[in-house]
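First, one chain by itself in structure tokens, the form predicted on its own.
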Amino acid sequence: MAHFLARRLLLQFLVFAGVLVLTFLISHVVPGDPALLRAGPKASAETIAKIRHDMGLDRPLPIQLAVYVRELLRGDLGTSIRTQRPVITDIAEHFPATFELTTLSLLVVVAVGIPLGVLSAVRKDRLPDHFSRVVAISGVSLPVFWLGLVLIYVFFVRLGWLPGTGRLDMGVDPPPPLTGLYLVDSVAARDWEALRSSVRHLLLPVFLLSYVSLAPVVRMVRSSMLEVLGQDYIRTARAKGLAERLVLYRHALRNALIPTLTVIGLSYGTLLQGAVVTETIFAWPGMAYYAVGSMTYLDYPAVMGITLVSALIYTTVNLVVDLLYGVVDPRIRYD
């Protein structure tokens, strides 16, 4: 296990370093001048040159990269051109909203996708199977922004049942900050009004994000279950008179979960990508919403910081998934 962990951490470091270099190069070759944006359209050439010097943009690219890496090792992701604050401060402020949204969406994907995939396999070519296909295909086929606007129109504009934007209702104060996750902080502070408001604000974004990410899990569980249900040990278990529920969930599903875990790990990356559109539609003050604003302003320190944090989260989730393989299937060894 120790050897496996060391190897995976080394691989994770190499991936992180590759993402860093690629992101740095891309952010510095895109058209546009951050110094000009920061100075404003009426600034003189001398002012723009001074700002470019202060930002280090007049140095050779390898030196800029070396300086960035040196500051990164000190925990400094630079200063945002748009907000004029440390990037790490901005990310720490916006990250809990994105983490709360994507994690709840992933839980919904797992809680709905696995049972729906099992039902689809057990009832192959029957009504539940057709229903799961419709759910899965419509989730990946419908444009996210269109579906989000429809949800806002129906549940906020027409029915008035749920809020359409933000994390809390107007007039409701955020709970005392403990983790930045409003659900957790509301319960910790016993602020039930903030809890009720935050739950209502989460319903539509979580539904949208989980619905468009549900298809891969449902289809993978279905195909894995169909393959496992045809194995000899399943027929043996049924021949021994085991209850069908035990055959499905103790013997079949456990073996079908290995490829499903891989898909779930990849789904977290999909959720992070989908959060960009979802947070924009619902004005959700998360990291993706912050990223969109930063990209339109050529705020490359912020874009690089967000990309590195996303890469770190993605590789860590995949490492956790690899470790879970051994929990689900004891035959897997890491040595």
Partner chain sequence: MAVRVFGWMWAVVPVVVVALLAAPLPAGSAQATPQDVLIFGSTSDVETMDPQVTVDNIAWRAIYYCYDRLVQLKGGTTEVAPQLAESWTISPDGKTFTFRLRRGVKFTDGTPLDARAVQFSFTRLLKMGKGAAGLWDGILDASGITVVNPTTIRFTLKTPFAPFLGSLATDQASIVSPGVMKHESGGDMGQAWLAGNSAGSGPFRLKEWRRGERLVLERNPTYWGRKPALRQVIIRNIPDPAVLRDLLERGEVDMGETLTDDQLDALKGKPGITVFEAPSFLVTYLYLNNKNPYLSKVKVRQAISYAIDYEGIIRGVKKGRAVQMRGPIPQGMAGHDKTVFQYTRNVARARQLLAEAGYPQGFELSLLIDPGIREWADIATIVQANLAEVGIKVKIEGFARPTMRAKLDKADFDMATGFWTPDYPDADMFTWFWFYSKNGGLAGNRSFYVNPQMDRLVVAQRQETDPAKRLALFRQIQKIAVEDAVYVYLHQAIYRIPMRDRVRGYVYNPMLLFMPNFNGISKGP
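Residue numbers count along the first chain shown, from 1. This structure is a prediction, so every number in the text was calculated from the model and none was measured.
FYI, the form predicted in complex with its partner chain isn't displayed, but the following is about it.
Peer 1: Would you point out which of 148 to 156, 256 to 264, 205 to 213, 68 to 76 contains residues with a non-hydrogen atom within 4.5 Å of its partner chain in the model of the complex?
Peer 2: Checking each option against the 4.5 Å cut-off leaves 148 to 156.
Peer 1: Three residues, R38, T83 and L119; all within 4.5 Å of its partner chain in the model of the complex via heavy atoms?
Peer 2: Per the other structure, all of R38, T83 and L119 touch its partner chain.
Peer 1: Would R133 show up as a contact with its partner chain in the model of the complex if we use heavy atoms at 4.5 Å?
Peer 2: Taking the distances in the model of the complex, the answer for R133 is no, it never comes within 4.5 Å of its partner chain.
Peer 1: Is P115 one of the residues lying within 4.5 Å of its partner chain in the model of the complex, judged by heavy atom distances?
Peer 2: Result yes; P115 sits at the interface with its partner chain in the model of the complex.
Peer 1: Is there a heavy atom of A283 no more than 4.5 Å from a heavy atom of its partner chain in the model of the complex?
Peer 2: Looking in the model of the complex, residue contacts with its partner chain include A283, since a heavy atom lies within 4.5 Å.
Peer 1: So in the model of the complex, does P60 come within 4.5 Å of its partner chain, heavy atom to heavy atom?
Peer 2: P60: no contact with its partner chain in the model of the complex.
Peer 1: Only one of A188, A239, A92, A111 has a non-hydrogen atom within 4.5 angstroms of its partner chain in the model of the complex; which is it?
Peer 2: For this set of options, the contacting one is A111.
Peer 1: Since exactly one of L142, L168, V228, L181 fits, which has a heavy atom within 4.5 Å of its partner chain in the model of the complex?
Peer 2: Checking each option against its partner chain in the model of the complex, the one that comes within 4.5 Å is L168.
Peer 1: Across 303 to 325, which residues bring a heavy atom to within 4.5 Å of its partner chain in the model of the complex?
Peer 2: If the 4.5 Å heavy-atom criterion is applied to its partner chain in the model of the complex, 303 to 325 yields nothing.
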